[in-house]
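Before any questions on binding or motion, here is one chain by itself as structure tokens, the form predicted on its own.
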Amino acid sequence: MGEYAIVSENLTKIFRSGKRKIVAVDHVSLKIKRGEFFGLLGPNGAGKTTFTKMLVTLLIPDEGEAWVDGFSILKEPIEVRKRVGWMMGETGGRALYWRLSGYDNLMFFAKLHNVPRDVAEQRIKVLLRFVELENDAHKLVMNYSTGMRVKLMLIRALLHNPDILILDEPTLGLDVESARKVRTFLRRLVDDLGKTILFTSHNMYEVEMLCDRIAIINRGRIIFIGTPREIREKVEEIKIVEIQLAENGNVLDDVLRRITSLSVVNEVLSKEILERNIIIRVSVTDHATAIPEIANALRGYNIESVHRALPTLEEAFLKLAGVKIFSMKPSGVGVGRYGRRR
């Protein structure tokens, strides 16, 4: 297993409540290479967090086995914990002691990892400055915002300088600039220091920016593994047309009505207003027919382009995961909840 930092074989977790049985993770087999930035995507309840909790030995699998840095999560959990840094962003800081200060939390966890005090103090100082928490280090965690607690948990994951990081929603609750800094920092950990990161997120922009490979999990099963490009190519059968207009947003409703009145248009996938520009993406039955029909329907508007487009990573993910979030021409014209990101 020297080539791989994380290996799982038929990893399974079942939750029971009375007669009810929920298979949260269903025989997942996965290999993550050393020095790889690996993304795990899936809808809410797909099994992402349960899978990562088994890898960091917080949950015991019902079936299967996994190895982290070559150590068994079942037979050698202490060795696994020494070698992995983990962060569960969705917990909102429940992994921290709220009646201690941020600094005291970090010193406590550094001691648990047997980090020498002088090394811990220097490392904490640098990391607090990086995430801009140095002025709040001695405040009680109970008085931290969600974003501040997320930053503190990220520092906690790095205290013992692990080679493997397992991060569940690490930018959840962060403002835009803080999230950007964290993404840059995480990518540098992989590129410059050779660390391995297993990363879950709902933010498709950061997934495409950061991840070398991605696995899509749905209903506890892995349904696809590949690079972001390979995932998009997998669903090229989705026929998409992108419309760009040099108009302001007050004409959007009329534009959408005209487009969705066409039989060749299946769904409005996304809409975006950028100053005096409107960008709309629609799925169609046929590119060759749809493009001239859409252009004709929008005569009178300042059309910059009507062209064929590949699926975004988000559209590909939703297709593969079988998630239906778009609406078919409802009254008032519905648009997918997830707008296009740049």
Partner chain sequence: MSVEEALEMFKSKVSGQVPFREKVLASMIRRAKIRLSYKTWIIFDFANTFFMVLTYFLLAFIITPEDISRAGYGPSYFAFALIGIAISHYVTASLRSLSMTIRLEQFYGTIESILSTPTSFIVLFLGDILYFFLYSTIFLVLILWLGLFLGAPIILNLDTALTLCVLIVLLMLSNLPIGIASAAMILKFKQGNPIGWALTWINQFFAGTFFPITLLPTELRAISFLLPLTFSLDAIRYSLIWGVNLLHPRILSDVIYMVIYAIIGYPIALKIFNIVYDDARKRGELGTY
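Since we're looking at a predicted model, the values are computed, not measured. Positions refer to the first chain, counted from 1.
Below, we turn to the form predicted in complex with its partner chain, even though it does not appear here.
One residue of Met204, Ile238, Met148, Leu96 in contact with its partner chain, assessed in the predicted bound form (non-hydrogen atom, 4.5 angstroms): Checked against the cut-off, the match is Leu96.
Its partner chain in the predicted bound form reached by all of Arg213, Glu233 and Arg281, non-hydrogen atom within 4.5 Å: No, because Arg213, Glu233 and Arg281 lack any heavy atom that approaches its partner chain to within 4.5 Å in the predicted bound form.
Partner proximity in the predicted bound form: Leu189 to its partner chain, non-hydrogen atom cutoff 4.5 Å: Flag for Leu189 set to yes.
Partner contact for Ala309 in the predicted bound form: its partner chain, 4.5 angstroms, heavy atom: Outside the cut-off, so no.
4.5 Å heavy atom contact, Val176 and its partner chain in the predicted bound form: Val176: no contact with its partner chain in the predicted bound form.
Exercise: Phe71 in contact with its partner chain in the predicted bound form, heavy atom 4.5 Å: Heavy-atom contact with its partner chain at 4.5 Å: absent for Phe71.
Per-stretch contact check against its partner chain in the predicted bound form, the hit in 166 to 174, 118 to 126, 196 to 204, 220 to 228 (non-hydrogen atom, 4.5 angstroms): Contact criterion met by 118 to 126 only.
Residues of stretch 57 to 84 in contact with its partner chain in the predicted bound form (4.5 Å, non-hydrogen atom): If the 4.5 Å heavy-atom criterion is applied to its partner chain in the predicted bound form, 57 to 84 yields Thr57, Leu58, Leu59, Ile60, Ile78, Arg81, Lys82.
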